[in-house]
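Below, in structure tokens: the form predicted on its own, a single chain.
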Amino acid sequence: MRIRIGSALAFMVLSSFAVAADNPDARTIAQRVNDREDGKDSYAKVDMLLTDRSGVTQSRSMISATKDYGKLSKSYIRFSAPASIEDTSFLSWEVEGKDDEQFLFLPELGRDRRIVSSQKDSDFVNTDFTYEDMQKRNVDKDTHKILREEKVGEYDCWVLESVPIDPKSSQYKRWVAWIPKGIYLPLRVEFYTRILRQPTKILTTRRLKKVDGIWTAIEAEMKNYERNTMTLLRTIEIKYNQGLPDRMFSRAYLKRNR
């Protein structure tokens, strides 16, 4: 489940009325998460902090951009530091009702390569995210169930369980998400690769903020409990609706020496 990160009082008042009159079913909640307002496009500067099992950390810097084209959504990531990963780029095209297309450009190879289905459970450039985590999943690939309602901090949440209809369609057996009412940006997601065990990974949104009227995850972490590693994402700057050029989301742009 991908993530993208104010008059807060007015919003909360309006939301409380909306929530009182709103009693969506589980599938509707899952669909609202996918359809959540996130602008026509966005451009962000993000710091990434990787922590290994020994507690050693490594920092990275990158830019992230997204653009919506109706039933098509495109996203682009480029690393700018450190030198060992500089200019490594990633492109994802999400077409409603179809499988995503993903491409990774590695400067040392001088070409991009397509991420095929068998690689979706692989780590994304040695982080705690996999290529599957980087894509938006069609809600009708899963069954959804509201487990309970629960408060997380100041937010009233639905706790939603999703299970793949076709087990082969995901590396996960199930996942459980805490969805704040009226916001629909998950505060916590538990990923299970085995039904009866503890979650393999947990994604936690540490800090939410409204930017240009859009709820944004300013800080989020993914912890891998099998490897005892963590990836922290911290949004340094984000702008919405900037009119980003289409060429930024092309395969040719991946290979540009910027």
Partner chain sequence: MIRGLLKQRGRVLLGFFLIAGPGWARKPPPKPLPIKLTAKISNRFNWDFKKDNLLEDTSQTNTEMIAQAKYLPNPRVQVVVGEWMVDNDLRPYNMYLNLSSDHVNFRLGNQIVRWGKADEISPLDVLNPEDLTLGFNRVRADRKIPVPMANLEFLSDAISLQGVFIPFFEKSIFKYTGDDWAYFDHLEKKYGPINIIEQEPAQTMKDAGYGGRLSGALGRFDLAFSYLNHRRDIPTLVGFPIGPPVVPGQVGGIEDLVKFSKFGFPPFIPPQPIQFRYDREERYGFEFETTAGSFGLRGDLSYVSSQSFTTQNLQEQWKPVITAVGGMDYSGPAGSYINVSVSQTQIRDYDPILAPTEEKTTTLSAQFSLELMSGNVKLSYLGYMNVTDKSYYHNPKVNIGYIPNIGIEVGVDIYGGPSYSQTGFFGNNDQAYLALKYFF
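Numbering follows the first chain given and starts at 1. For the two forms, the rigid core is made up of the largest set of C-alpha atoms that agree within 1.5 Å on superposition. In this text, all values refer to a predicted model and were calculated from it rather than measured experimentally.
Although not depicted, the form predicted together with its partner chain is the subject of the following passage.
This chain appears without its partner; in the predicted bound form, the one residue of L72, L147, L109, I165 with a heavy atom within 4.5 Å of its partner chain is L109. This chain is displayed alone, yet in the predicted bound form one of I115, L160, I77, L187 has a heavy atom within 4.5 Å of its partner chain; that residue is I115. Figure note: of the listed segments 50-58, 27-35, 208-216, 63-71, the one touching its partner chain in the predicted bound form, with heavy atoms no more than 4.5 Å away, is 50-58. Using a 4.5 angstroms threshold between heavy atoms, D99 counts as touching its partner chain in the predicted bound form. Although the partner is absent here, S42 lies well away from its partner chain in the predicted bound form, with no heavy atom inside 4.5 Å.
Taking non-hydrogen atoms only, D156 never approaches its partner chain to within 4.5 angstroms in the predicted bound form. When the rigid core is held fixed, the Cα atom of V163 travels less than 2 angstroms between the shown form and the other one. Once both forms are overlaid on the rigid core, the distance between the two CA positions of E237 between the shown form and the other one is under 2 angstroms.
When two forms of a protein are overlaid on their rigid core, residues whose CA moves 2 Å or more are considered shifted, and G182 is not one of them between the shown form and the other one.
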